[in-house]
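This document opens with one chain alone, in structure tokens, the form predicted alone.
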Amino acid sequence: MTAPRTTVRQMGESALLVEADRPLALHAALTASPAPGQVDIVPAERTVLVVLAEGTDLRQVRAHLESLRPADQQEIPGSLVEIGVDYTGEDLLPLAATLGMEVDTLIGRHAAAEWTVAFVGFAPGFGYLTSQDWDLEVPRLARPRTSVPAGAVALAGRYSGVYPRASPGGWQLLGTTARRMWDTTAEHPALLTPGTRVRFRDNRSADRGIG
């Protein structure tokens, strides 16, 4: 098995930024086998930031990263979260037309796909979701909205996401969910974390007793 391509860059005195072909796989490997002095690991689209305790020997961390075998770097399926959606978003009709499909087809494809949180960012609790079942590239809005409501379910590029709170945004809105993405009163505030699997459920199907 060919080793995943990685490039390691030092970030200040207490962190290393690893450019990786499979960031979630590297994130899983470092969760199972932490590097010396590892305090936190933060995956992004193409990188994993390894945050270290002050005074950690960076040479030891680099050696640990190099010691991870290809077999160690496998994406481990995370827990499954189901999110019910009212598919009544402002952009649903125009986006379906742009993509050349019926609205029900677009809804069906979005709800049929199994999504995975690739990384989080933008706002606390906002997960960038990708799916092998989704091959559509969705354009962002030409003019972002000044306010998108909390719970808005949206698409942009090859990602789907749920806005955890009201904020500006340029993603295409498919609908809304009542599930909270970010709850500071909970033991684990973020509903979605890297590796979490997500299924969107069309609330109309539940109303009809389907599924």
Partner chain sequence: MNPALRILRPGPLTTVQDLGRAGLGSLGVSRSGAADRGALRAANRLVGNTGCCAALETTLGGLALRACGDLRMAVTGPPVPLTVTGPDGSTDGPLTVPTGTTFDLADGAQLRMGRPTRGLRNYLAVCGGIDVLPVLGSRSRDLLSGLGPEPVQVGDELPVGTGGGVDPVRDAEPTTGPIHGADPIRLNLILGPRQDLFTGSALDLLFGQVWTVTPASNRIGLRLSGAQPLERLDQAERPSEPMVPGAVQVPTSGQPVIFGPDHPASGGYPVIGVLTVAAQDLAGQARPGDAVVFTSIGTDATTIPVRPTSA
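Predicted model only: the values in this text are computed from it and were never measured. Residue numbers count along the first chain shown, from 1.
Heads up, the form predicted together with its partner chain isn't pictured, but that's what we're talking about next.
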Give a yes or no on whether every one of R9, L17 and P124 sits within 4.5 angstroms of its partner chain in the predicted bound form by heavy atom.
yes
Taking any heavy atom pair closer than or equal to 4.5 Å as contact, tell me whether T196 reaches its partner chain in the predicted bound form.
no
Although its partner chain is absent from this view, report whether V120 comes within 4.5 Å of it in the predicted bound form, heavy atoms only.
yes
In the predicted bound form, does E45 come within 4.5 Å of its partner chain, counting heavy atoms only?
yes
Counting only non-hydrogen atoms and a 4.5 angstroms cut-off, does E13 reach its partner chain in the predicted bound form?
yes
If the cut-off is 4.5 angstroms on heavy atoms, which of these, A28, V153, I41, A35, is the one near its partner chain in the predicted bound form?
I41
R62, R145, R180, R158: which sits within 4.5 Å of its partner chain in the predicted bound form by any heavy atom?
R62
Within 159-186, the residues that have a heavy atom no more than 4.5 Å from its partner chain in the predicted bound form:
R165, W182, T184
